[in-house]
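The chain below stands alone and is given as structure tokens, in the form predicted alone.
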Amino acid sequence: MTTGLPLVACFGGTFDPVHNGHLQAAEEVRERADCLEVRLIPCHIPPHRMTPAAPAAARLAMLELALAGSPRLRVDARELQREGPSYTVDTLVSLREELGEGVALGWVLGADAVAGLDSWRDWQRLPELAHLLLLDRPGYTLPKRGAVAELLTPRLTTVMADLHAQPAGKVWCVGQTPLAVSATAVREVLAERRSAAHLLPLRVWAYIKQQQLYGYGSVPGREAESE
């Protein structure tokens, strides 16, 4: 066990639906950064992408099913309880107020999101509130110049223990194992009425079939592909 502050990592997203790639990334963040826990935080209204295809209640239910039996992965529904767009800075302020300064806080985001970080609300405040834990994305690297580079580069560390030495302020690359699955690909498979059992936790797959989400099973008189 790493000495220093306990680390709580937070992984935000639409989770539309939650899939095996999300869970693998969360587990690798937990293990590699020696986290006390990883919280998966479904957003209400994403400011930078289309409205989720599934309603908030269904996305929350799928996350809860996916994380059942994983004691160090948990669902945090605070963004679904707020009105309006889900801004990361508001979530981090709320988390910091809850956890205090005796806990290190990490925010997980893909390297592809970093290029557009300067379009986020109060983006310069993010390192003040949390460490940024960056997931690899094929074809994406950290910017070498510009405002985002000026904010992140001085904070880069390759030493995991640095995340436990202070409550916030570092940028650390997780270096997780890529898994070729995305929520977009899952939705496309389901819209074609094909099985997604290999892409999703089985409890989530069963829920999608039961609720006929993402167009799966919604065409009368036509049998879905063998499951």
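Numbers for residues come from their place in the sequence shown, where the first is 1. No experiment lies behind these values; they were computed from the predicted model shown.
Another form, the form predicted in complex with a small molecule, is not on view; read the next lines as being about it.
request  = With heavy atoms only and a cut-off of 4.5 Å, decide whether residue 148 touches the small molecule in the predicted bound form.
outcome  = Although the small molecule is absent here, residue 148 would stay clear of it in the predicted bound form, with no heavy atoms inside 4.5 Å.
ask   = Though only this chain appears here, would residue 191 touch the small molecule in the predicted bound form if you measure heavy atom gaps against 4.5 Å?
value = Residue 191: no contact with the small molecule in the predicted bound form.
message = Can you tell me if residue 199 lies within 4.5 angstroms of the small molecule in the predicted bound form, counting non-hydrogen atoms only?
response = Judged by the heavy-atom cut-off of 4.5 Å, residue 199 is well away from the small molecule in the predicted bound form.
ask   = Is the gap between residue 128 and the small molecule in the predicted bound form 4.5 Å or less for some heavy atom pair?
value = Residue 128: no contact with the small molecule in the predicted bound form.
task = Using heavy atoms only and a 4.5 Å cut-off, determine which of 90, 136, 118, 98 is in contact with the small molecule in the predicted bound form.
result = None of the others qualify; the residue that does is 136.
inquiry  = Considering non-hydrogen atoms and a 4.5 Å limit, which listed residue (60, 165, 173, 179) is close to the small molecule in the predicted bound form?
reply    = After the contact test, the surviving option is 179.
ask   = Using a 4.5 Å heavy atom cut-off, which stretch among 152-160, 80-88, 67-75, 128-136 contacts the small molecule in the predicted bound form?
value = Of the options given, it is 128-136.
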